[in-house]
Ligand code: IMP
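Single chain ahead, by itself, as structure tokens, in the form predicted on its own.
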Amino acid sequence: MIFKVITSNPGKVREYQEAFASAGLEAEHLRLAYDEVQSSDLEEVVSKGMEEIRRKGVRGFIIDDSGLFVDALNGFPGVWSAYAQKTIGNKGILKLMEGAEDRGAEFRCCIGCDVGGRTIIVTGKCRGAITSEESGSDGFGFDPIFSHDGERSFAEVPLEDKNRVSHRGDAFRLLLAELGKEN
């Protein structure tokens, strides 16, 4: 089975291809513009996106919406993570975190999957902390300032290892479990 991964982020596509390959499935990149509803809820963003993509006649696809939820910033940037990354970036988040004792944060990934006319929506999470500085050259987005283990940023973790512990990896495992219920 081949799933179309609809995103403008090539980093996400690589993560899906790696995860799908280990499950004996295939993922291919499909660039398709769709409007993201403005909401504070990842699942609502994904659900509305799926509706629009289906109206365009696309089937057998996956979309996701992910966010970094920082405790000391009351969950910011959350669902607005892509916008925050474009506007203030990692340096901006680190600036906002200056002097913060609580560095707790959580990455969340909500995956929406259209398979055989069925809708599957799952949300994965990864708890960790915001680092005091950027480190690492792999990954994308906020990876250089998030550590799941207190030792390395996500940008320092090889992709295969990252998929085992990340929010997207967690969501992917939940998705596989749901897909398995079909068989």
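All residue numbers refer to positions in the sequence shown, first residue = 1. What you see is a predicted model; the values in this text were computed from it and never measured.
Beyond the structure shown, there is the form predicted together with the named molecule, which is absent from this document and is the topic of what follows.
- Picking from 65-73, 22-30, 112-120, 51-59 the stretch near the named molecule in the predicted complex, with a 4.5 Å limit on heavy atoms, gives 65-73.
- In the predicted complex, at least one heavy atom of Asn9 sits within 4.5 Å of the named molecule.
- In the predicted complex, the named molecule sits within 4.5 Å of a heavy atom of Glu36.
- At the 4.5 Å threshold, heavy atoms of Gly141 reach the named molecule in the predicted complex.
- Using a 4.5 angstroms limit between non-hydrogen atoms, Leu96 is distant from the named molecule in the predicted complex.
- Scanning 145-175 for heavy atoms within 4.5 Å of the named molecule in the predicted complex gives Lys162, His167, Arg168 in sequence order.
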